[in-house]
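The chain that follows stands alone, in the form predicted alone, written as structure tokens.
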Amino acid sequence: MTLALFDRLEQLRLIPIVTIDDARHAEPLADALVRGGLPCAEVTFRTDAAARAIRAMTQRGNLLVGAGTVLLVDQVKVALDAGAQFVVTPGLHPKVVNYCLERSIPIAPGVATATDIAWALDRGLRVVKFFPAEALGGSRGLKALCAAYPMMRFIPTGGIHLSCVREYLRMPEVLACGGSWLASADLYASGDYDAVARVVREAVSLVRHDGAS
């Protein structure tokens, strides 16, 4: 399950990072992502609506949905109960990572340093989130880390936009990139979910045209 899931994310190459304040946005937003060509989402646990949003999205059956910004084991349990298929953390949270590994729950913990990567490797992980990517030196900073850890695959997230995403995706060590710009609340605050579909479609087209997919 874990390998198959990450294989699917690698095929998609882009992961919309979604923060939803009102779960009523979840289904139309999911529809916009699918129409735009990205049937996946990482729903962050930054709001009380996260679990309800995950449930609404997963019930569609045509969307790969993960839980992001997971800090506690209890949040993992809530996310899984809502239907989440993978877990992402902003940093190395030992209790969360160990809980997921013991139960074969796909997880990509956040790393920022070589020490973080070594910790993840010691636990058998081969996919991690590089966060916050742009603040840590962007693609150049990640390349420096990759040189020492060629066996690891990365999901850069944090400050990434359309203007720089291709630099990351051209790196063989990068599995996919996460981006909040793909489903920013500013785009659909007025109910214009077509705006999300347009932004996603533009990103998907750029990545495919660039040969990074």
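In case it trips you up, residue 1 is the first one in the sequence shown, and so on. Predicted, not measured: the structure shown is a model, and the values here were computed from it.
Absent from the display: the form predicted together with a small molecule. The rest refers to it.
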{"query": "Site test, Phe131, Gly159 and Ser180 vs the small molecule in the predicted bound form, non-hydrogen atom cutoff 4.5 Å", "finding": "yes"}
{"query": "Location of the small molecule contact in the predicted bound form, chosen stretch of 150-158, 52-60, 168-176, 24-32 [non-hydrogen atom, 4.5 Å]", "finding": "150-158"}
{"query": "Partner contact for Thr47 in the predicted bound form: the small molecule, 4.5 angstroms, heavy atom", "finding": "no"}
{"query": "Exercise: Leu9 in contact with the small molecule in the predicted bound form, heavy atom 4.5 Å", "finding": "no"}
{"query": "Contact test in the predicted bound form: Ile17 vs the small molecule, heavy atoms, 4.5 Å", "finding": "yes"}
